[in-house]
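This document opens with one chain alone, in structure tokens, the form predicted alone.
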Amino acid sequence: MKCQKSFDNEGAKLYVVATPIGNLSELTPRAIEVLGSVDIIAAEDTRNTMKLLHHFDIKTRVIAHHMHNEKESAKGLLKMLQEGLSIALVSDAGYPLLSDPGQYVVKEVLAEGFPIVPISGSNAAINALVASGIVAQPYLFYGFLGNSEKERVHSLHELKDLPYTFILYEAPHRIEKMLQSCLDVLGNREICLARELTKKHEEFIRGNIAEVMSVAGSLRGEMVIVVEGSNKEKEVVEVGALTGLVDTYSADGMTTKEAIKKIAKEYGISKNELYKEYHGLN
């Protein structure tokens, strides 16, 4: 067991500093002080960080630390700490480590006995959560589901039965496919899509997955999606009420598979859940 008292140690430290996710005025006074007083700033993108530092007239030396050089960069950062230098770790926006580089270096720095000191600030996931209208706790931050449908579906099946609100990140060019995967696996749950957080065009779109998906293709900017947790009783009642339609469509000449697919799309529910309910597999 190891105990760290962040304000008792005057030696070298690694500060994990949250930076603004859009609105520069959200950089905290403490973050400004730390960024100005450390010996080195290790940045995910030095160009973006230099713009931030220039805005606040901070002259600290900046070096690159991103996911493509993280293991090699960690060796250099450890050497600097061993020489008595203090370092601030920053990503492009929000907290390092949360869907951004930093996990490896934090682990290595702790293994060498140096303190890790967090400096509070903006976080897109928490901003979206508290404004979503969906139950705020308990919650699970998941981040990006993955690029491929296979990755997304696998991750969603792991999340599907958890009774927690969960938070996802997604890029605009994948949002429609991601929401379709959510609809197929989770059913038509309530969600909130938040985008452009803290910026001029900040927007929250609240509704069920099918409703939000109908407008998602026209949206731009990095997105946070807050999804309600599992409510098995509610889902079974909703799906169970539609099983009779399968027979109705089948009587009109559709196969059972075609009928289930059509109903699932029309009502914004999971075709897998409807299939299980119709065949008594739940």
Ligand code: SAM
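Start at 1 and count along the sequence shown; that's the residue number. Note that this is a predicted model, so its numbers are computed, not measured.
There is another form of this protein, the form predicted in complex with the ligand, and it is not shown here; the text below is about that form.
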Item to complete: Could you work out which of N208, S99, Q180, S73 is the residue within 4.5 angstroms of the ligand in the predicted bound form, going by heavy atoms?
Response: S99
Item to complete: Let me know the one among E176, E149, E190, E196 whose heavy atoms come within 4.5 Å of the ligand in the predicted bound form, would you?
Response: E196
Item to complete: Spot the stretch among 118-126, 104-112, 208-216, 181-189 with residues whose non-hydrogen atoms come within 4.5 Å of the ligand in the predicted bound form.
Response: 118-126
Fill in: Contact label in the predicted bound form: L145 to the ligand, heavy atom within 4.5 Å
no
Worksheet entry | Contact of D45 with the ligand in the predicted bound form (heavy atom, 4.5 Å) | no
Fill in: Contact flag, V224 vs the ligand in the predicted bound form, heavy atom cut 4.5 Å
yes
Practice prompt. Report yes if any heavy atom of L156 sits within 4.5 Å of a heavy atom of the ligand in the predicted bound form; otherwise report no.
Written response: no
Worksheet, complete the sentence: Checked 85-110 against the ligand in the predicted bound form; residues with a heavy atom within 4.5 Å, sequence order, are S91, A93, G94, Y95, L98, S99, D100
